[in-house]
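You are given structure tokens for the same protein chain in two forms, set apart as structure 1 and structure 2.
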Structure 1
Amino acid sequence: MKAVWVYSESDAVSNEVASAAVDVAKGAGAEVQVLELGAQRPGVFASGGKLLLKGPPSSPTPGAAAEAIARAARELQPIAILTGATRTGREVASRLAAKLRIGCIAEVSKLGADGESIFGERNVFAGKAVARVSCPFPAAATVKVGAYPRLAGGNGGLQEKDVGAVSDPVKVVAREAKSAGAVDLKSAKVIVSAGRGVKKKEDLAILEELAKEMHGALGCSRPLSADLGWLPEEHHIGLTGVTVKPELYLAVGISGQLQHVAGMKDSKVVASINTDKDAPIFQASDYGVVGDLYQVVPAIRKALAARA
């Protein structure tokens, strides 16, 4: 039976990619198998079950993961290997494409397949257009995170394949866990996002408190994370950052350049605060307030407190 393989370092992302793989498998008359490396995890079982590759460590580097999957793929011949479009997933997919000499389509959503190729859609020109891309089987693909719902589960069994010990030229000398307060913007229903309209780093506390009062998370535009270093990079929303689609996106002091809008344009409701009435962000907003955030934000917090 032909198979579409799914791999991610994250169970949550693996479940999303498995959902995309179902669409590919339907078009190609194949089954879906979720790959596990080194040790079994409690993640989803797809229609074709799980394929446990024994030999690599349970938390392999991208290089080791790609080598283990490539060894198995040379023998078992899957028609497609899908990863999440995360940092690790992108590296694994590109390494697999090189090792197996196959094509790779990147950052795709709305995947499908016919008897000969895999296809999907990806945003181009900073989200202003959508391109349809395809690649003949066998192929690799990275699936845009958040594009698919998580697969609820399946009834497949567990298969094992020993690929032998896997070494990697990259040596991990230390691992540091992210702080407990690390933001998860993809699952946030409300996001308060800060831009260059915030005058100094200390003022971010105002927006952080507003986000908490709205049971949401704090995001930012690229300059605040990449240029000024006021917030960690996982807060950065945009074309080169995180893509989000919360129920409410509140842009505070953000001009609204294409690169930022590409990362939040699918939000259910967008509201903006900016002193410039001609700021591009208003074109992407459902509601807008032309005003100083240092006056508008306290007024919002006061109104929220009155309703509590």
Structure 2
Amino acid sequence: MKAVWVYSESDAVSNEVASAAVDVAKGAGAEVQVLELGAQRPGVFASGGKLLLKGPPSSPTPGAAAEAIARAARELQPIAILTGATRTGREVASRLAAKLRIGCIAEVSKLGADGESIFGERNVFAGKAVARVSCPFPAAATVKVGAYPRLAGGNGGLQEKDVGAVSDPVKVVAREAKSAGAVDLKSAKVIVSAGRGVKKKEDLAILEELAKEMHGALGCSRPLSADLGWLPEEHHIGLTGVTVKPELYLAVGISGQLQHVAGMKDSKVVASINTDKDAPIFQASDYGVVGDLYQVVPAIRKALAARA
């Protein structure tokens, strides 16, 4: 019987991915097998059966999990291996794709299959469009977390397979905590966010002061952290940065490209300062000032000081 395998480091995510696997198995005329690595996991459910891989530790690193699953897959030939699109799941799936030389569809929801291939849907262009992606069997896939309801029960028979001892080829040589001063944009009620309208690094000081005076935090667009290195990466907001939802988001000298807006569009109130009246940020703003930040920001600070 053809099999669709499910693996996740988390019981809850495994049960979601198992629901997705049911759709794939239906389309492909296969059964779903949920993998347990090292030890049985009573909180993990399967619509078909479970496959216990003996040899790896019960909480393997992504590298060790991928090695154990790859060894079993070479022998048992599942048509698809599904993980959750979590940090670990992404790593396991991509390692499996490389080890088994198979394709991988990433971050998909609404999965299905026909006789030849697996398919799924993935948001692209910051959620403005949906791509339908497919890959011939055998394939790996990472399933978007939250896209499927969790299986709440059901377990078929248990199969066991000894894959031998596995170890992670990657050794962690040291762990270093992030500096205590790192900004916490997710819980900030006010964010003053700097863009390329700021002419030089030293000028960020006026925005930092404004953020302090408003009891808020300083964020930025990607170029300021990734390209110019003016602020650490945890300040960068957007598709590839932090997603924020403050009470007030003040975008200063930010054009409002969709990759930036994707990270701040759910702010309660958005206000923007930009010299260009046609800047797209104004489309995403409740309030806008068409003006030079070097005049407008000092004016706001003066007004705040006068109110204090």
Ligand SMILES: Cc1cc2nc3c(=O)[nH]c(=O)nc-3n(C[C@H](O)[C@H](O)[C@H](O)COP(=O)(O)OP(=O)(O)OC[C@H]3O[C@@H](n4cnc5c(N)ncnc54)[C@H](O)[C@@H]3O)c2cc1C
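Rigid core (definition): largest C-alpha set, two forms, superposition within 1.5 Å. In this text, all values refer to a predicted model and were calculated from it rather than measured experimentally. Counting starts at 1 with the first residue of structure 1 and goes up one by one along its sequence.
Q: Look at both copies of the chain and name the one that is the form predicted in complex with this ligand.
A: It is structure 2; that copy is the form predicted in complex with this ligand.
Q: Please indicate if residue 146 and residue 219 belong to the same rigid part of the chain, considering the motion between structures 1 and 2.
A: They occupy separate rigid parts, so that residue 146 and residue 219 shift as distinct bodies between structures 1 and 2.
Q: How much does the lesser of the two rigid parts rotate between structures 1 and 2, stated in °?
A: Rotation of the smaller rigid body relative to the larger: 49 degrees.
Q: Taking the rigid core as the frame of reference, how far in Å is the Cα of residue 170 displaced between structures 1 and 2?
A: That residue's C-alpha is offset by 2.8 Å.
Q: Superpose the two forms on the rigid core, then give the C-alpha shift of residue 269 between structures 1 and 2 in Å.
A: Its C-alpha shift, to one decimal, is 16.2 Å.
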